[in-house]
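Read the single chain below, which is given as structure tokens and is the form predicted alone.
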Amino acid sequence: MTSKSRLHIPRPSARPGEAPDFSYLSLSEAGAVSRPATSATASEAEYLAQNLVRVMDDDGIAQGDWIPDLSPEQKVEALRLMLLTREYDNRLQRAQRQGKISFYMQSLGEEAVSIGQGMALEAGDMLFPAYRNQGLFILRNTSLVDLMCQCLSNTRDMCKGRQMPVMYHNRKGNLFSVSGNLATQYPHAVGWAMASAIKGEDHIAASWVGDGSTAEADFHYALTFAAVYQAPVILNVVNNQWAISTFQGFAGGERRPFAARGQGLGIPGIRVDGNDLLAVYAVTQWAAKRAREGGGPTLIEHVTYRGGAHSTSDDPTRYRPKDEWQAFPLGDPVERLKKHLVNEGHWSDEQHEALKEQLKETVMAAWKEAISYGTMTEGPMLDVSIMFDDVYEEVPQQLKDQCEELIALKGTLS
């Protein structure tokens, strides 16, 4: 008698009320994974997609071939940027709960991805972020006030009220607009990288998506174009274990690591501890050097954990254990870098607490200035007539007429 095929339904390892279980994660010891030459082929580097590049061990001591050449001052700056990102997140999360903004998305637990990678890239490199990469904007000196005003949709909103909160951009900082449509930034990054190569420049592109977005068609289009044309691009998958309420297994994470997705196309993949800033910096530096030398694209999977809700519209206690983040075996990226610096004698608990207080004051001062330009409920408000701007090079007459009618209507209502 032949057995019948069965439909497989991926299931998370634990649900609310159950003990967290991360036994499905394949982990490597710190320093255990060797670093190949940047000229290594995808087949020669295949082990990087199956193992996990880690630098800091449980005691915060750096181990192995991937230890980056970062000074103590650079590491302290990385810690400051991660703490600033977290404090910024905390302020905006509270603002949403207070009704000051309509929506927000934290990067809690994922700060090392943005800060570690951003520090390893050059100012001329073009970044195509996702909606949990606020650290990239902070790293590239985007004003906190400007970021806050975008979320407030007020009179200083960089998007003039036309984008939902957290969809930032920074043209001067080479940061493309955040897109709410999943994975659209991946083909954009590849196209920009192809153009850079055509022009003979040595600037590269980098982009980020979540684990769930790897199921989008844009992800596969981008990998195909990057592989065929050997585009100088770094394509990142931030595997934070959850795509809103959907466990990463639904995007194929049960079968093989996301880093292995490029193997069939000849793209090297690296699976890295996304909560280890030193490891994130090192693998990004490796991939960037490879791209600048004409080696083509690299796919990097950052194994991390989304510490908070997917957004302010989400309640994670309905689909995962409340204490799951505390049980995540790769820990908190901020605490891990702090421990590393303390063990090396470059930091202390007292300095850490003083820095946190200083950053709270910095963020609060920025918030006070931001709300002076208006909130959702308090003026001043955006001029509605700007809806006619930035659409046509030459505004059609019918739109000019409508704008005049709107201005006249505003005059009668005021």
Partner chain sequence: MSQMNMIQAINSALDVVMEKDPTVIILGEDVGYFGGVFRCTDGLQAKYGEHRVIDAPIAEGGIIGSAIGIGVNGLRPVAEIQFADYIYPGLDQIISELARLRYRSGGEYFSPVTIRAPCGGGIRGGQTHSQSPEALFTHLSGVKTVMPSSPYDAKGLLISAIESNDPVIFFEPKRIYNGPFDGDPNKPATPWSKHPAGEVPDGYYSIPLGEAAVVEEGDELSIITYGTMVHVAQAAVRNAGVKADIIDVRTLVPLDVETLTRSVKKTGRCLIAHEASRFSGYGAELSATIQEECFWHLEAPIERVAGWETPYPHAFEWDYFPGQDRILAGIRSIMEAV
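Positions refer to the first chain, counted from 1. Treat the numbers as computed from the prediction; the structure is a model and nothing was measured. So that the term is clear: the rigid core is the largest set of C-alpha atoms that superpose within 1.5 Å between two forms.
Another form exists, predicted in complex with its partner chain; not displayed. Remarks below refer to it.
Undergrad: So in the predicted complex, are 22, 86 and 88 all sitting within 4.5 Å of its partner chain, heavy atoms only?
TA: Per the other structure, none of 22, 86 and 88 touch its partner chain.
Undergrad: Might residue 388 be said to contact its partner chain in the predicted complex, defining contact as any heavy atom within 4.5 Å?
TA: Answer yes; at least one heavy atom of residue 388 falls within 4.5 Å of its partner chain in the predicted complex.
Undergrad: Can you tell me if residue 143 lies within 4.5 angstroms of its partner chain in the predicted complex, counting non-hydrogen atoms only?
TA: Flag for residue 143 set to no.
Undergrad: Taking 4.5 angstroms as the cut-off for heavy atoms, does residue 180 touch its partner chain in the predicted complex?
TA: Because a heavy atom of residue 180 falls inside 4.5 Å of its partner chain in the predicted complex, the answer is yes.
Undergrad: Using 4.5 Å between non-hydrogen atoms, is residue 332 touching its partner chain in the predicted complex?
TA: No, residue 332 sits far enough from its partner chain in the predicted complex that none of its heavy atoms falls within 4.5 Å.
Undergrad: Though its partner chain is not shown, can you say which of 326, 74, 343, 184 has a heavy atom within 4.5 Å of it in the predicted complex?
TA: The residue in contact is 184.
Undergrad: Which listed residue (192, 286, 305, 208) meets the criterion of a heavy atom within 4.5 Å of its partner chain in the predicted complex?
TA: Among 192, 286, 305, 208, a heavy atom within 4.5 Å of its partner chain in the predicted complex occurs only for 192.
Undergrad: Which one of these stretches, 377 to 385, 23 to 31, 58 to 66, 346 to 354, sits within 4.5 Å of its partner chain in the predicted complex when only heavy atoms are counted?
TA: Selected range: 377 to 385.
Undergrad: Where, within 230 to 267, is there a heavy atom within 4.5 Å of its partner chain in the predicted complex? Residue list please.
TA: Sequence-ordered list: 243, 244, 245, 246, 250.
Undergrad: Once both forms sit on the same rigid core, is the C-alpha displacement of residue 23 at or above 2 Å between this form and the one not shown?
TA: No, the C-alpha position differs by under 2 Å between this form and the one not shown.
Undergrad: Superposing on the rigid core, does the Cα of residue 391 end up 2 Å or more away between this form and the one not shown?
TA: Yes, the C-alpha position differs by at least 2 Å between this form and the one not shown.
Undergrad: Once the two forms are fit on the core, has residue 400 moved its CA by at least 2 Å between this form and the one not shown?
TA: Shift at residue 400: 2 Å or more after core fit.
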